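Included below are structure tokens for two forms of one protein chain, each presented in isolation as structure 1 and structure 2.
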Structure 1
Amino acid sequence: MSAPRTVVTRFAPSPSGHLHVGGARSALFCWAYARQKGGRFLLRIEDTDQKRSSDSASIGFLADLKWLGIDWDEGPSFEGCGGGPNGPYFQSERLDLYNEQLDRLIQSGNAYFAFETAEELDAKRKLAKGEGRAYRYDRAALSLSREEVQSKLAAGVSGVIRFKCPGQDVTIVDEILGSATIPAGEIDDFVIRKADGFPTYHFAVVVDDEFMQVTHVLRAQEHFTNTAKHMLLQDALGYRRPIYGHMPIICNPDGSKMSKRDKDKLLRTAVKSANLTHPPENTVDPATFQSWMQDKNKQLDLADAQKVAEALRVVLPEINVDDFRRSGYLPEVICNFLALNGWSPGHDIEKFDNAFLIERLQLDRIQKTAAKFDRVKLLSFNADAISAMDREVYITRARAHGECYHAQFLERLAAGAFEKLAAASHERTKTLNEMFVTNDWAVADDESITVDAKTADKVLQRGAPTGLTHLIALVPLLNGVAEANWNPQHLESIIKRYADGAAEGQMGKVAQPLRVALTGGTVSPPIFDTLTVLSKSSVMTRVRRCIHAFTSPA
């Protein structure tokens, strides 16, 4: 036996779309495992599908990973991460290597050219299916003579290279699932180089894992059966065998596989039920829209998808790491929760950080069963993490979130108001986003506050004395408060005293009319905080406007 190799794990996303939670968990586990073993974690971009690859998406991946606190020792260079001796780390830049390895396979008789068209193969597949037979490539091209192949190639006929699959059982040994044997005959002569000259996933992955010295392949269970193909390839090429671990899939609450396509799926349904034949105004151009509607495999650009969703008034599901970021989730909570989907440290421990994960992660404690992603529990974890933060930390992080996603809100807020609002929102808020979307009143013009009839009836006009009566009585009291005393403590003493005298001590009778006058609604932070987030003059204006609006003309 050779000396144990340094542990090398890798995360190898295709750059179509953004990093979604399933991919994020794979990356997290690969990273944590490498860190635990003092090894290396590398990132490789699998962009061998020219139709689906785009540069911007891979940048998004990198930023998402960074945000989660996952760094990589080798891979694309990005903000201090990446580089390394085994590059390039984009597969599209490694074609020479693949071709060299392909040649070896051809020379050794383990691979051969085939020239069927996609249509021909499709027809054969359909035929087999119609007869209730499992389709396997029939090896027709294997009977082509060397001369025939040469002349086709010389004539520029486009063809693929297939792996000549030895007919033998393959036993996969898996650190998570145990071992499983795929019977001979289940694997046919699969394509390893496409007609466009690019390798297929199976081939590129095997070559790269060898040349990048990957020792542990930790990936989702959807790849489990593929592993047999990879092992056959490794044997034919004389490569070392990495250790495999296949992690459970992360599913939607309905049990379907959580996919980045779920957004498009939801949107298409919405478009259909709205009977739209053209894109909503100011969203996407009609051509894009049409081809997207016609091809279920097409994904709308994320920004476009968001625009269409807004136009149709539907809410896109959070799928990508970036969606959760935008919604105000904390990266440490996402990591914690992701790790808990499929792994548990035991001993009823649920809340932990990445350092703990690195210390305790054990491959054989990873679950074998698919997990449904429970957004409600995630939200609860997020709320707990937020309320456990020091006030100052919360304010800093909330502001940073706001600067990123709610710049206008911050601009409209008076100096010093943000701190007050954040402090008042801290313990009643479950995400960093919440304070920005539930407190419109704080940045609204005094003149724009309106109260709907139902609320007015309930809070202002009913009962004896009515809420309006209390409001009217409060005007001189509030007006009498000096600017210097415009703080929660002082206001509380004034209003409590009033409530004791005029409302039998029932604060609600006084606070609710005030809240409605100030915010237009029945929900806001505690009333004394609400009062002080606004300036005294703003409060007076709003209260007077409200009284005026609901006082019947004499």
Structure 2
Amino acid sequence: MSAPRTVVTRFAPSPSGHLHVGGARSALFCWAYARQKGGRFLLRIEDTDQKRSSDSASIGFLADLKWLGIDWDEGPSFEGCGGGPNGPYFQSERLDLYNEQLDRLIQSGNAYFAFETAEELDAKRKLAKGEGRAYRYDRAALSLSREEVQSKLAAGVSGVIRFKCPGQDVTIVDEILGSATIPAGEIDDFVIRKADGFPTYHFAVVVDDEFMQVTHVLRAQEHFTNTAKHMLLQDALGYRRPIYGHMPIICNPDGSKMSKRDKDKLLRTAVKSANLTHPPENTVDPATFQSWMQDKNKQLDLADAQKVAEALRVVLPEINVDDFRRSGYLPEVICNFLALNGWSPGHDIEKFDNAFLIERLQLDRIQKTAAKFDRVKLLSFNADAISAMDREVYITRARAHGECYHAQFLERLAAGAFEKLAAASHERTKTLNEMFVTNDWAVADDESITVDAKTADKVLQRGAPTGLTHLIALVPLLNGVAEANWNPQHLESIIKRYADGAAEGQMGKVAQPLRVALTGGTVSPPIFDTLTVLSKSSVMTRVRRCIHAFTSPA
């Protein structure tokens, strides 16, 4: 009796951008299953579609996986991962192998050359539609003699290679969805090598899974019908069939597909609402912007879209892993939440780490229906995880996030202010990003802080005594605090003593006018922390400027 095969799973993205959350979930499950079974997890870059592939996109995928904590035993070399005996791991570098296997199919009569033009095929499709029937390739190319084929090839006539389907039922046994049979005739003679000389996805994936010894293919349900084609190819080539499991797609709460186009739709709506005919200053090249505006099928590059969105103060929806990373979500929370999108360990357990997932993942507990991505729940998970962190851990991780995405913010903070701001923000923040985007006042020039008329009326000019009166009274008290005593505890004792006497102990009546003077708004960390994030000189400057702005001349 032969020894059982080592479990080998794979994740095989096309390098057309950063990692979509649906792809991340597939990678996570493949990785966890291989780890559970003591097997190998490999990463393969399927870049045979030259129009959609780019080297920079491949790097994005690799960085996304590493950030999530998903390492690979075989694949492209990146930050300590990769290598292996079955490379290269970019399909564009494996053409010799594909051509060798294509030649096997042609020699055995299981594949053939076809030379129809795109126009000819389109005419046949239109005819089939007009006659009310499904289009199937008519095998016209099989009427060509061997000599005619060789003559066309020698003359450089553009052609493809098609697989000659045997015309039999194909039963797919799926570990998640169960068994399904695709009737004979549903699959026509599909293309396995394109006119540009590159194999199609269907052919390359089958060859690679065999030569890379893949035993389990876990992927999204959108590939389910492709599996029948792959099984026919495996039989024709004499390959072993891997075990298949097709996972539910991840969609928006309204049932629509989570797509990069969600960002584009929102951005177009914002541009239209702003009546823009030219791009915001210092964002996108005008010609690029105009071309995008005139063609609804075009999308701006992610970096350009982000610049326009920031200029319009629009928050684009997170779709890719990198979006969530930029927004300050924790990788361990993303993995936890993605695992719950289509799978459950049972017993009402919702919060767990990757070690738990590795131990408990079972294919028969993966659901068959689409999973809905609940952003509100994800944000709640993230807030809970941040709240549970030790203070020093939070400060360290927030600083690392700032160094990646808010370097200018960190540079403008006064010495020692970051730790104070982070500590003050910890208990009320939901993402690592929130501290940076809600505390502009901490890095603004003192002269740039302004208070709008509505806020001034509500906070500074109503009541008796008014908020402005309290501010004026606080000036000598704050000014008299020595630099050595500029800390939350000492400032609280001074301001509380004042509030007890001048505001009947109602700290809010004193703290809120002070907050408005310091930040220009009504929301900030606790007032005594806010005071010490700023230097004493900045506090005095801002308070005096506010008093001057709303004090009527005598």
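Structure 1's sequence is the ruler for residue numbers, which start at 1. Being a predicted model, the structure only gives us computed values, none of them experimental. If you superpose the two forms and keep the largest set of C-alpha atoms that fall within 1.5 Å, you have the rigid core.
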Given the two isolated forms of this chain, which one is the form predicted on its own? 2
Rigid-body partition between the two structures: same part for Glu332 and Leu357? yes
Quick question: how big is the domain rotation between the two structures, taking the chain as two rigid parts and the angle in degrees? 16
If you line up the core, how far does the Cα of Asp285 move between the two structures, in Å? 4.6
When the rigid core is overlaid, by how much has the CA of Val314 moved between the two structures, in Å to one decimal? 4.0
